[in-house]
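Before any questions on binding or motion, here is one chain by itself as C-alpha cells, the form predicted alone.
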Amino acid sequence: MDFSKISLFSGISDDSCCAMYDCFGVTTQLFHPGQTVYEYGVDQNLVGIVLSGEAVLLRLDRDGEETVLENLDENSVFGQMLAFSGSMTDRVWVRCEKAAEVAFIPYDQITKRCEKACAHHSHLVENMFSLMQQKAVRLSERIEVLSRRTIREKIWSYLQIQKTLNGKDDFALPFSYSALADYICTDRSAMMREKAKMEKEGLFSADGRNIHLKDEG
C-alpha cells in the first residue's frame, strides 16, 4: 500500500505505517456500486479510508428524503467521529458509487494511549484532528450554499466555491448532476431548468460535468 497518498498517515514513514497497519488490525474491503460501505450508528468504532474509487455520504430522513452530505473520493476519510447524524431517526450511511477499495481502522486503536509513546502515533492523532478541521470547513461550505434562498443562488454559490477550491474558472464537478441536486436540496428537474437559463444568460458554459465560469456581469 502507498501510505504517502493517505492523509491520515501524512508525515509518517512507510516503515512506521506498516508497523501501525499490522498493530492496529487494519482491514481492507472491496465494494461494488450501490453497496453500503459504512452505516453510522452501527459501525461506530471504525474509521474508513477510501483507497480507490468513489463513495457518497448520504442521509435519509423520516420522510424518505435522501440527501447527499459529502462526496468521498480517493483518500477521503469517514467515520462516526468525523460526522454527525442529526436526528436519531435519520439513517446516515456511506454508499459506493464507483468500484472502491476501503481500509478500516478501529477508532480506539488510533485514540488509545500508546504504551511506547511513539512519535508516529502522536503524529497520527494530529493528522486525525486536521481531518476533522477539514470536515468542519466542508460543512461550512455546505451551509453557505444551503443558506441561499433560490435555486439559482444555490447553484451560483456552489460554482463559486468550486472555482475557489480549484483556483480557476474551468473545473469538473466532483459528482453527477443528480448528486448535485441532492447536495443543494433541490429537485433535479428544477435545478437543470435553472442551469439551462443561467447558461443561456452567459453566466457559465457546461460540457457534461466540465464547467467554465464567465463574468457574472
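Computed from a predicted structure; not experimentally measured. If you superpose the two forms and keep the largest set of C-alpha atoms that fall within 1.5 Å, you have the rigid core. One-based numbering along the sequence shown.
Heads up, the form predicted in complex with the DNA isn't pictured, but that's what we're talking about next.
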L46 versus the DNA, in the model of the complex: is there a non-hydrogen atom within 4.5 Å? no
How about K168: is it within 4.5 Å of the DNA in the model of the complex, going by heavy atoms?
no
Q.
So, D187 and the DNA: in the model of the complex, are they within 4.5 Å at any heavy atom pair?
A. yes
In the model of the complex, S178 touching the DNA (heavy atom, 4.5 Å)
yes
Worksheet item: in the model of the complex, do T150, M192 and A196 all put a heavy atom within 4.5 Å of the DNA?
Response: yes
Within 4.5 Å of the DNA in the model of the complex, heavy atom basis, the matching stretch of 142 to 150, 71 to 79, 99 to 107, 128 to 136 is 142 to 150
Self-check item: Core-superposed comparison between the shown form and the other one, S13 Cα displacement 2 Å or beyond
Solution: no
Checklist entry - Can a Cα shift of no less than 2 Å be assigned to E54 between the shown form and the other one, given superposition on the rigid core? => result no
